[in-house]
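Just the one chain here, the form predicted alone, laid out as structure tokens.
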């Protein structure tokens, strides 16, 4: 299949492949992973946008920007190859379980829909229809004259200008465009729907989704039967890691000029810690102890926000000594803190945990780590949000996202409620929450109305 090339060099991506079969292209191992990560950024940002209720126009604008930012190749001639390769890598990544397949199918279908709508030429749209071998013929001029009044009534009812003789319509069995029929956007006569060119997206998206759904099942069979074992030392580790990979900064080093002291901790914990870290901090102050999972989650977060090793040791020592004594702290706990800072063992510079890692953790009895939006009971979560100052209306929005398992969006809505400010990028990392919070608070303090 030859991908359809656009004449407009400024379009977000100058092609719309249908991904019928994997191309015989050689791919460097590093490109295999990097291309997939770039596409994953697009799909995850789309998923966030849809979950946050963005309207179609906002989504179209978002997708165009995402494609421009992530799917360009330094060599323009390689844009299409990057597009195709990244799709097939992610198809391998997301074929492995039903939940992964469902998410990937939904996001790739949505991406295809928006990219089809971004095609500005009817010739390009007709070419995509031809690629799908859709058996529909354009309505003849004579037939159009017989139904134009009915088509005009439908157009007016949905706020569209009346059609003209130059507009193209297709006669399609009505059961093949259920979305258009359900929303009363087409004229139906003798079992056929008259579909305007600007509505053809429903036809091609249905075809695309059907093909990809079947392809994911076949890819899963190949993965299970041969690929996973054959590639166990090369591709398999990459494929298995990609579906849960965090795509943002690692925050292992605090920003330049970012340094906090022990005396500031209580104040900034209240103003700028995300709920997961605020809860751990408060439990530590209350119980003077945290289990290993809590120490790792909070300790690496504090390292990322700028708490130096000496201050970290002093902070943890002051708390733990009240429970276990100074001597036991030095014997059993100080090593772990130095280890997190890369001063013991393999000298690894450990990175703070991302939202994804925290959400996927499994706290046991007596543990306080994890994501409150996932792991708290509704009653405890409401109480915690109330202590943060989240109002009734915002809290209901947050709880709605929690019930639908959109935990990071729930955290984003909490951030917006607490700071009275939007966060379009969404919250993906506790340290990002802290940095964005500090920026907002500092800008308010520097403004003429600030204190």
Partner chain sequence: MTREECENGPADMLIDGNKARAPREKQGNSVPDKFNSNYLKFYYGKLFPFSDIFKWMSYGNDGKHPGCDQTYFGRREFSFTLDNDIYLRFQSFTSAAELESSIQEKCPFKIDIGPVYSVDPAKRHAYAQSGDNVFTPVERELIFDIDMSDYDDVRYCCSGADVCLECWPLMTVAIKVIDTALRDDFGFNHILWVYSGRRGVHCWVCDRKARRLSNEQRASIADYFRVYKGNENSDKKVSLTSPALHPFLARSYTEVLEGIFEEKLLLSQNILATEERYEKILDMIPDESVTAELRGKWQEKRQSSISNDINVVRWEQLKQLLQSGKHKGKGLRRYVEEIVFSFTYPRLDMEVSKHMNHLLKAPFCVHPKTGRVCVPIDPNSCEEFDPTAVPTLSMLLEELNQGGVRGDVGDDLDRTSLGKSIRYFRSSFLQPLLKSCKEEMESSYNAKLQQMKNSLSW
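Not measured: the values here are computed from a predicted model. Rigid core (definition): largest C-alpha set, two forms, superposition within 1.5 Å. Positions refer to the first chain, counted from 1.
Omitted from view is the form predicted in complex with the partner chain, to which the following refers.
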{"property": "is_contact(residue 237, the partner chain) in the predicted complex, heavy atom dist at most 4.5 Å", "result": "no"}
{"property": "is_contact(residue 116, the partner chain) in the predicted complex, heavy atom dist at most 4.5 Å", "result": "no"}
{"property": "The partner chain contact at residue 154 in the predicted complex, heavy atom, 4.5 Å", "result": "yes"}
{"property": "Partner proximity in the predicted complex: residue 190 to the partner chain, non-hydrogen atom cutoff 4.5 Å", "result": "yes"}
{"property": "Residue stretch of 359-367, 312-320, 176-184, 265-273 approaching the partner chain in the predicted complex, non-hydrogen atom distance within 4.5 Å", "result": "176-184"}
{"property": "Contact assignment for the partner chain in the predicted complex, among 328, 150, 343, 214, heavy atom within 4.5 Å", "result": "150"}
{"property": "Position in contact with the partner chain when the complex is considered in the predicted complex, options 221, 338, 292, 285, heavy atoms within 4.5 Å", "result": "221"}
{"property": "Rigid core superposed: residue 271 CA moves 2 Å or more between the shown form and the other one", "result": "no"}
{"property": "Rigid-core frame, C-alpha of residue 184, shift of 2 angstroms or more between the shown form and the other one", "result": "yes"}
{"property": "Core-superposed comparison between the shown form and the other one, residue 175 Cα displacement 2 Å or beyond", "result": "yes"}
